[in-house]
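First, one chain by itself in structure tokens, the form predicted on its own.
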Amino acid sequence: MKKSWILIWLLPISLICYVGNVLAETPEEKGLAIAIAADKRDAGFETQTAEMVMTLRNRQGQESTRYIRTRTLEVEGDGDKTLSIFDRPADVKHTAVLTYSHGLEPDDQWLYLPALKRVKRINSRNKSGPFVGSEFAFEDLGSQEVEKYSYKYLRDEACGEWECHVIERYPEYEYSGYTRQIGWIDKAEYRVVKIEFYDRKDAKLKTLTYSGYQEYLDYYWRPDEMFMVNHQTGKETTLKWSNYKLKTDISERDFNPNALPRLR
């Protein structure tokens, strides 16, 4: 139902427990409580549309750009549904990716490739693969339900102009490409500042940074830019977001896998 760290992770409170007569809180309890509070904090946007410019950059600095429209639908009692539709360049025009996020059960994902004129279901074992050649993986695309991970609070520290919580989470679902992720979240408005991703050998793989946050509907924070760098390959991906609209007039029928070939 809620956003992943890739879109927005809002962390306001912690969980308190008692051991004997002593007020106590383990790092794991605090991390879990923060994740639960984050899940609740971003609830209620109902639907969202936005436009995105994706720029891919290789180690030599060569660039390619893609223009994408996105739609998101909140689902009560389950993960969100997200849809990405490619408009440009011509070789990817009308490509579409649809994700139904779940808890520990594998997400459902479909990819429509106009050149093949068919909808392809993405195997749950391939979720760690790159999304259309970018440094974002397929598993990064959907909402990340609380139960997908175990958590640990690490510390508070300065992060640029803000003071941040530092939280670690560990995938509990099968076939993840990560052993863990570490996120920096500002304590004032609970905006994600940075995420580090560690691969299956627990080596630092990628870092994602967020910038240009703006507030929508006097409550929901969304970034204008997300920048992912792959430390192992030197490749980079920049997402520049615009035209966010929340509580828009879209519905369940806009997220039908059978309708992907007809999307324009």
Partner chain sequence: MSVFRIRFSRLCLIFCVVSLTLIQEVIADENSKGVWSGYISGQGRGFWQSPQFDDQRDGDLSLAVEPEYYKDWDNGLRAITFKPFVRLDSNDPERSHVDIREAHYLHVLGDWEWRVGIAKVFWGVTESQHLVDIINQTDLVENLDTEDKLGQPMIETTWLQDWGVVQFYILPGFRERTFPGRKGRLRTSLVIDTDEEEYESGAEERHVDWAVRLKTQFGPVDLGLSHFSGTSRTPELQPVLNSNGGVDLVPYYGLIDQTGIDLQTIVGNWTLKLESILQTRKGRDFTAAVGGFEYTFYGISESGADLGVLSEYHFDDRKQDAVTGFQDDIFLGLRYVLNDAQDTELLAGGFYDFDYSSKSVRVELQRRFSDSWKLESELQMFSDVASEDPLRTFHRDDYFQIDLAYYF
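Residue numbers count along the first chain shown, from 1. The model shown is predicted, which means the values in this text are computed figures rather than measured ones. Heads up, when I say rigid core I mean the largest set of C-alphas that superpose within 1.5 Å between the two forms.
Form predicted together with its partner chain: not shown, discussed below.
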| query | finding |
| --- | --- |
| Interface residue in the predicted complex among 188, 104, 116, 158, criterion: non-hydrogen atom within 4.5 angstroms of its partner chain | 116 |
| Which of 125 to 133, 159 to 167, 144 to 152, 179 to 187 sits within 4.5 Å of its partner chain in the predicted complex, heavy atom basis | 125 to 133 |
| Contact test in the predicted complex: residue 93 vs its partner chain, heavy atoms, 4.5 Å | yes |
| 4.5 Å heavy atom contact, residue 229 to its partner chain in the predicted complex | no |
| Exercise: residue 66 in contact with its partner chain in the predicted complex, heavy atom 4.5 Å | yes |
| Heavy atom of residue 108 within 4.5 Å of its partner chain in the predicted complex | yes |
| Site check 56, 121 and 259: each within 4.5 Å of its partner chain in the predicted complex by heavy atom | yes |
| C-alpha of residue 155 off by 2 Å or more between the shown form and the other one on rigid core | no |
| Rigid-core frame, C-alpha of residue 122, shift of 2 angstroms or more between the shown form and the other one | yes |
